[in-house]
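Okay, so here's just one chain, in structure tokens, the form predicted alone.
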């Protein structure tokens, strides 16, 4: 997998998570900037996923393909689901939902890298 794209996703997710956390602490619902930031994280995740799929088609594969694909689906589905849930909860808890989802994204990137680089030994 591409480490620089993974780093971009991690940094973007953490920055937007911090903004959402500040909103939650201030007892504010998520606003348009939080949704746009989360959408940008999703776009970065989509680019990383496309790069990983192209690498897999090219023959470079992780040892646990099924597990890797499952993490990719979770990786892609998490931001849109978080946005949908946050829009259903227009209170500070909507900001908390986005914060938690965005804090999970770096963990998913790290796990995808672990699976990709596992040797199977």
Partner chain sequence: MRDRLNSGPGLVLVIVYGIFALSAGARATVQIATKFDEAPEAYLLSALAALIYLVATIGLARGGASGRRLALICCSVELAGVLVVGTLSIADKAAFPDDSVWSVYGRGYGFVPLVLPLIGLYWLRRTARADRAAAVDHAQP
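Just so it is clear, the model here is predicted, and its values are computed rather than measured. Numbering follows the first chain given and starts at 1.
The discussion below concerns the form predicted in complex with the partner chain, not included here.
For the residues 97, 112, 12, 19, the 4.5 Å heavy atom test against the partner chain in the predicted complex is passed only by 97. The partner is absent here, but in the predicted complex a heavy atom of 88, alone among 36, 88, 57, 43, sits within 4.5 Å of the partner chain. Looking at residue 48, you'd find every heavy atom of it more than 4.5 angstroms from the partner chain in the predicted complex. In the predicted complex, none of the heavy atoms of residue 23 sits within 4.5 Å of a heavy atom of the partner chain. Looking at residue 52, you'd find every heavy atom of it more than 4.5 angstroms from the partner chain in the predicted complex.
Although the partner is absent here, residue 64 lies within 4.5 Å of the partner chain in the predicted complex, judged by heavy atoms.
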